[in-house]
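A lone chain, given as structure tokens: the form predicted alone.
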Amino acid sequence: MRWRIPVSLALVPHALALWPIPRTLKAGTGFLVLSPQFSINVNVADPPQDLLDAVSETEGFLKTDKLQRLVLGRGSSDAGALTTAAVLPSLTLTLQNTLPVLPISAEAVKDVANRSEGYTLSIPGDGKAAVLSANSTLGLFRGLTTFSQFWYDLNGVTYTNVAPVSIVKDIPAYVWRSFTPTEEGWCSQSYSRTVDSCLTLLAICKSFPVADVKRTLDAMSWVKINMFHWHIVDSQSFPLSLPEFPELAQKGAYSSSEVYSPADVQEIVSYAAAHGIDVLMEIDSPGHTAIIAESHPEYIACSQASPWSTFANEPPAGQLRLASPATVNFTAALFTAAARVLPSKYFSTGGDELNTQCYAQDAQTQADLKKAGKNLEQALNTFTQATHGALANLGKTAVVWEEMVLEHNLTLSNNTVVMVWISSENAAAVAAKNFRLVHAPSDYFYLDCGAGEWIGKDPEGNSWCDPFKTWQKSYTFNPLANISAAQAHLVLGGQQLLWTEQSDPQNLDSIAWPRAATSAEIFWTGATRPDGAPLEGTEALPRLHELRYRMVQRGVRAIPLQPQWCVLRPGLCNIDS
């Protein structure tokens, strides 16, 4: 079998069902059948249990995906070639270094600069065993994900049509690739076991059963997303149960059945880590904290003040009295209690949408400012220094929203990670201040945009971030736009976000997938495909179709991107076809 380096992957878009596309790839044009006795052999001394579990999961996918090729006839014309194709007997996993072998879950929560996610994969076309090697178990996990995407089914035969395959040192272009389904919405349902979870960014609390969260983590792992941004509390609900502050959830959750117990949190965190995902928890502050007034009214200014639009960006109004020493101490202790039990090196303190009018009309805040001889900005700086200091004492790095850098005059550690969300154009200003940044721009990556206004008594209202952000729009995002070469190292990566005011378990999958996978490829593959051509939607669409169909096979209710007539005829539904 002759090696063929594709001049352009667009020439055979239906033959490469990989997402994200590896950064290095040589693929042939031969057929290769998976042996009915195919096995994955782990050539690793004392392999961790989560690596063995990942192997078992991959073997399960190879047996149950049953994905037919997305071409006319669904691959029926391959039948003849399969009768004479070589048979792949096994895949062997090896580690390339001599360092102690750590579980996937330990590798996944290292500082992003120290994570080793790269792998090398060889699938011969002549019937010899395939080999997957990496420097870490996390790298092996990423390689297993890629391996599982090569295979189709025809009448019970599992095969690929691009053998042989060589992927050498497929390493992510960016270290931070996140999805944030947020909990910004009103919880209206109760479940026997629920999780109020944001799969990224800001959120008002929405209850998702543990099974829905795990399914979302599964889908994230299939596209090599490595961060789950968990905005766990907001103005409407405080579901996080902390032994040090039991009253917050007792009085702030929607109900006693809609609470995250410490065991719930650890279950989610452990499951995520075993699937190569770090959990970034966020307790937004000093805004988005109105619910704390249910248990500690002394700490909250303008609690449920009316009209709410004067005092907050969404109902109900209320935010921490940041000028109060008692509130500062409370918040620092709260962050410590939440962060100390999490393995992640990161913890988000929020900092978005601070409403100054609330403080201007709060007599207690004005008295605290006068007593301290400070203005509001100075008090905010003191608040931030104390709360971030509490995280630093735990060895955690603070993550904040862009306003903390661009709208306030604060003394922040340059190690702080800044989420750029209001506009993609603001990334340059953050980089100019020499802060590390994560792209989360509402003009490209907000999945909830275009669903209409959720605020009542507003029949002509639209969502604030209209229009709907299609996958094609998201896929055009350039992480280095207006970022100089000298600043490029500050861009850690990016994340797609879903605010869940209008989402619940019934539509979570369909809103998120497969659109949330677009940023996964942007930040894993980088600016160019393995053939050197730039990322481009026409080439990507057939592969994204394959991903969507595979997700459905695995139980994720991802929506179709086109009618199946178009799916089976790549390019014929383009606007210029």
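Bear in mind the structure is a predicted one, so any value in this text is a computation, not a measurement. All residue numbers are counted from 1 along the displayed sequence.
Although not depicted, the form predicted together with another copy of the chain is the subject of the following passage.
In plain terms, the part of the chain that comes close to another copy of the chain in the predicted bound form, with a heavy atom within 4.5 Å, is 305 to 313 out of 145 to 153, 398 to 406, 125 to 133, 305 to 313. Using a 4.5 angstroms threshold between heavy atoms, Arg436 stays clear of another copy of the chain in the predicted bound form. Taking the partner from the other structure, another copy of the chain in the predicted bound form has no heavy atom within 4.5 Å of any heavy atom of Thr24. In the predicted bound form, none of the heavy atoms of Leu18 sits within 4.5 Å of a heavy atom of another copy of the chain.
Remark: Tyr254 counts among the residues lining another copy of the chain in the predicted bound form, judged by a heavy atom distance of 4.5 Å or less.
Not one of Pro103, Glu117 and Lys169 places a heavy atom within 4.5 Å of another copy of the chain in the predicted bound form. Exactly one listed residue, out of Gly373, Pro459, Pro243, Gly80, brings a non-hydrogen atom to within 4.5 Å of another copy of the chain in the predicted bound form: Pro459. With the partner omitted here, the residue from Tyr549, Phe31, Phe61, Phe38 that has a non-hydrogen atom within 4.5 angstroms of another copy of the chain in the predicted bound form is Tyr549. Heavy atoms closer than or equal to 4.5 Å to another copy of the chain in the predicted bound form belong, across 490 to 523, to the residues Glu501, Gln502, Ser503, Asp504, Pro505, Gln506, Asn507, Ser510, ordered by sequence position.
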